[in-house]
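The data below hold one chain only, encoded as structure tokens and taken in the form predicted alone.
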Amino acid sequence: MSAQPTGVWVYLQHTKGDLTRDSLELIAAGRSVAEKLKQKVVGVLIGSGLESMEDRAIEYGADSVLVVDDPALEVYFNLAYADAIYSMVEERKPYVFLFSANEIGKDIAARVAFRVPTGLATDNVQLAVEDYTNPALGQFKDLLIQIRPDFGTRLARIYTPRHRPQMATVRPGSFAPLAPDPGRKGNVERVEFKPGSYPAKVTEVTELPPPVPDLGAADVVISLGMGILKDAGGHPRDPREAYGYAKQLKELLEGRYGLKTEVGATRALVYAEVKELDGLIGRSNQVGQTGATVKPRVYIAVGISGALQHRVGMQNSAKIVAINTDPEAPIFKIAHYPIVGDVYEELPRLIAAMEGTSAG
């Protein structure tokens, strides 16, 4: 009889000799699931020259790390990496396998899921462990429940009971890395794998510059919504004025307080293609389900009602300031500092307060 699947595996990405923040978040996500299942968190690390990252994974919450370290794997190549992961999955049979919902995570997770074969629930923002009963299939205990946005209006719960490992990608920013514990102990196991011959090969790697704006790296994100198109009285306003206030606040936060600040926007504002904002606000500014997921120290929501598709992209921010004329706006349900008022009055007041002057 074959061994029962066990272990919550997390695929660890790395760059410039260190684990990525997405990977540290994924370890935390895996930890939240493993504790409910009473299983271990297993990091999967593939590449070349990985010694320093093995201990870092354990320091941030992994119980053990499977390491495939070979000079031929120094550069990410999906065919070889998928082979390496698939061989370990087939031999060791994990219960759950999590990947980050970024470019590499989405690429490799789908390839592995297809080969196992098993399902893959993508872009999850929450994870749960529960029993599940299906009239046609029966009862399943300790099932990973994958929770993701569904059509921008609700959260969908995904049930994949019949196959193991249950596989999922987790949106960056949905979990906070655990506090590091330098004294934490764990097991590191080196796995032998030699890449085969493939019909394609990587001939050159070009590092792209960080995105502009780099929303994910910001300490403060100031996001603009459709509410900037009118004042509290319903009169049309030039949204460039609100954008100007946001830029002024950005410069103040960076210059005086040393906080990296970026300007974001809702999907509705981006897709409205407001001509006054042409060249100022675009897809790269979008926060939400189909944009960036951010987790800054402070998120300032300006004229944003707070639809679910936007909230899932920013709701884990450490502190949320919201300015809206509607006291019943959904954004106020998660705001730490709700401000009911006119954007065109409250933003100048906020800037003046931070400058130590009077807004009148």
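In this text, all values refer to a predicted model and were calculated from it rather than measured experimentally. A residue's number is simply how far along the shown sequence it sits, counting from 1.
The discussion below concerns the form predicted together with a small molecule, not included here.
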Item to check | Single option in A268, V188, A217, I147 placed near the small molecule in the predicted bound form, where near means a heavy atom within 4.5 Å | outcome: A268
Next on the checklist: To verify the annotation, which of these, L66, V321, A329, I58, has a non-hydrogen atom within 4.5 Å of the small molecule in the predicted bound form?
Outcome noted: A329
Checklist entry - Just one stretch in 116 to 124, 228 to 236, 192 to 200, 253 to 261 has heavy atoms within 4.5 Å of the small molecule in the predicted bound form, so which one is it? => result 228 to 236
Checklist entry - Going by a heavy atom distance of 4.5 Å, is Q289 a contact of the small molecule in the predicted bound form? => result yes
Checklist entry - How about P348: is it within 4.5 Å of the small molecule in the predicted bound form, going by heavy atoms? => result no
Checklist entry - With a 4.5 Å heavy atom cut-off, would you call S32 a contact of the small molecule in the predicted bound form? => result no
Checklist entry - Even though the small molecule is not shown here, does G47 get within 4.5 Å of it in the predicted bound form, heavy atoms only? => result no
Checklist entry - Taking T20, M53 and L73 together, does each of them reach the small molecule in the predicted bound form with some heavy atom inside 4.5 Å? => result no
